[in-house]
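Only one chain is given next, in structure tokens, and it is the form predicted on its own.
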């Protein structure tokens, strides 16, 4: 269920559809450039279609049911979630085909997932230990539900998953023995590959992970447990995965928004990231420091800081970078030739890292050209549970 606007979003609601409203927003505000966003959605879908690979986008980057619906409309095979709370919030927001992409250890959370499945959600889960298979099977059976289950494989990330084929076989057999579970495939995510800037170096790292994966897939095949779905990858590797044809589907997340951390990554080998910076944070100049730098009303409570400093745009033109001078405040460092920015001016900033930045905002202010056109609630904002 979408949230009713509050805070700055409630103040901005009256601006929807008005000419020039983009530059009159109350701030700080998360801004989604709809035109860039739609190009990003279409680019990913087209790339995967041409490569003959499915895509199951990751909602950890956006946490928004409306975006999940648009990804499904573009051809996604489902939506990934990082945490049970995130998944359940998106289900309540109207998303219905959801996969929890990490193992968990909470009986209460497993029970909550089973209750959602009993209400009509199609829920996938991943497992990397036998007791988790049993826990999911028991909860699903108790609620008259059924989970789709992926065996989680570790191809070098050293975070979750089993690292050899025989363990994968044991898990797959345990899943097939449970009537309340459906063995649908495996997951193999190599996160370290995604942000290797150089295209050739990233391909080499991805090939190394795929060799580990292929060996485990062969063991499963020999045991009569060849997976129907081989899922993994991300924004940085989806093109390479389509070319390698080891994965059958990819799990990109950041591509819908993009950020400064991804900006130098040569995703398609063409010298650029291919996807545009659709997510911005709008802030207002509220004063000037003693040396004359413009001070804004957005600091670390509006931006996640784990990435390069954001670029600042005024009326669509890049004018400098922003640095932090407090939890609530930023300082614009202008490029040469740009003078003092007047108090009251609304500027837009790219974000250092999109996933934790969106987690700071309850609403997306959706804009097209110079207008605010909609407000989308971020239903799973803050759901780190």
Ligand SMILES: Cc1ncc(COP(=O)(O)O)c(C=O)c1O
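Positions refer to the first chain, counted from 1. Computed from a predicted structure; not experimentally measured.
The protein also exists as the form predicted in complex with the named molecule; that form is not presented, and the subsequent description refers to it.
Using a 4.5 Å cutoff between non-hydrogen atoms, residue 58 counts as a contact of the named molecule in the predicted complex. In the predicted complex, the named molecule sits beyond 4.5 Å of every heavy atom of residue 99. Contact annotation for residue 262: at least one heavy atom lies within 4.5 Å of the named molecule in the predicted complex. Residue 159 belongs to the set of residues with a heavy atom inside 4.5 Å of the named molecule in the predicted complex. This chain is displayed without the named molecule, yet in the predicted complex the stretch 187 to 195 from 265 to 273, 187 to 195, 211 to 219, 141 to 149 comes within 4.5 Å of it by heavy atoms.
Out of the listed residues 93, 165, 253, 277, 253 is the one that sits within 4.5 Å of the named molecule in the predicted complex by at least one heavy atom.
Just one of 234, 307, 84, 227 comes within 4.5 Å of the named molecule in the predicted complex, counting any heavy atom, and that one is 234.
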